[in-house]
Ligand code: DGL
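There is one chain below, alone, in structure tokens, taken in the form predicted on its own.
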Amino acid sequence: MRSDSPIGIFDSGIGGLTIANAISHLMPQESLIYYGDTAHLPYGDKSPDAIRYYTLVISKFLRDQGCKAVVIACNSASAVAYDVLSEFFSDDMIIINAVDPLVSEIIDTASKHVGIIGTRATIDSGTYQHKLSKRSSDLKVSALATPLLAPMIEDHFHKRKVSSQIIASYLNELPLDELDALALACTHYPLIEEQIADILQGRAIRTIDSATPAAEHLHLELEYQGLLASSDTPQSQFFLSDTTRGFQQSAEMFFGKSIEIEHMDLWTSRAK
């Protein structure tokens, strides 16, 4: 691994852009390679075996691009595939998941009762519940699958009025009066954090997302291994398994500039 090698980031869609944006702000000297597996969106509704297969193929691609680190910028993939990816690729590059940094952030809030919302794959895996119980046996956890939210955000439907009703309907299934923290265990959810805050208004509930903790964890790992880049001209590349107009708009909004996206179908070995 070389310090001037790029950082790979992948997700099934635009959610991982929240982590890519956090990395870009914290480490502006780093070059990034983003792979959005939009052909298989959303991961949250896929089986664990399917998610593992998709992420193995993508991680191999990013390794072959010379990445010094790969960030699994998806809670569903982090929950069910991190151990497998570490087994296959940890000798070649640093593997960062979205779950462990968020777990640490939750523990650091010293919350007595945390609510967790995420995709069905993330919640059903029990990963957050298990990791939190190991770190703090006194912490009460209420986890809720919210499967409509990621597709809604991916289609930019979250900007419509009805989205607040959908979000509120989900949140009302949690014991909101008992919570002192709400963990947004999906990288899409920072894009609806404002609506969530409006719904939680008047309650002393802190919202925590996984973007900044993941970026900070990556920074610490790169610094520890002496792999922080010092480039004045970092490069960013974007690949999608299936091109979408919504991804282009979102990427340009996050990075504040025109983005060139390459269609890279890793499953048929075709590139456009």
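All values reported here derive from a predicted model rather than from experimental measurement. When you see a residue number, it is the position in the sequence shown, counting from 1.
As for the form predicted together with this ligand, it is not shown, yet the points below apply to it.
Exercise for the section: Specify the contacting stretch among 179 to 187, 192 to 200, 165 to 173, 87 to 95, defined as having any heavy atom within 4.5 Å of this ligand in the predicted bound form. Expected result: Of the stretches listed, the one contacting the partner is 179 to 187.
Exercise for the section: Please run the contact check for residue 42 against this ligand in the predicted bound form: heavy atoms, 4.5 angstroms, yes or no? Expected result: Yes, residue 42 is a contact residue.
Exercise for the section: Could you confirm whether residue 102 comes within 4.5 Å of this ligand in the predicted bound form, counting heavy atoms only? Expected result: No.
Practice task
Would you please decide whether residue 71 lies within 4.5 angstroms of this ligand in the predicted bound form, comparing each non-hydrogen atom pair?
Solution key: So residue 71 does not count as contacting this ligand.
Exercise for the section: Go through 56 to 91 residue by residue and record those having a heavy atom within 4.5 Å of this ligand in the predicted bound form; state none if no residue qualifies. Expected result: Counting only heavy atoms within 4.5 Å of this ligand in the predicted bound form, the contacting residues of 56 to 91 are 74, 75, 76.
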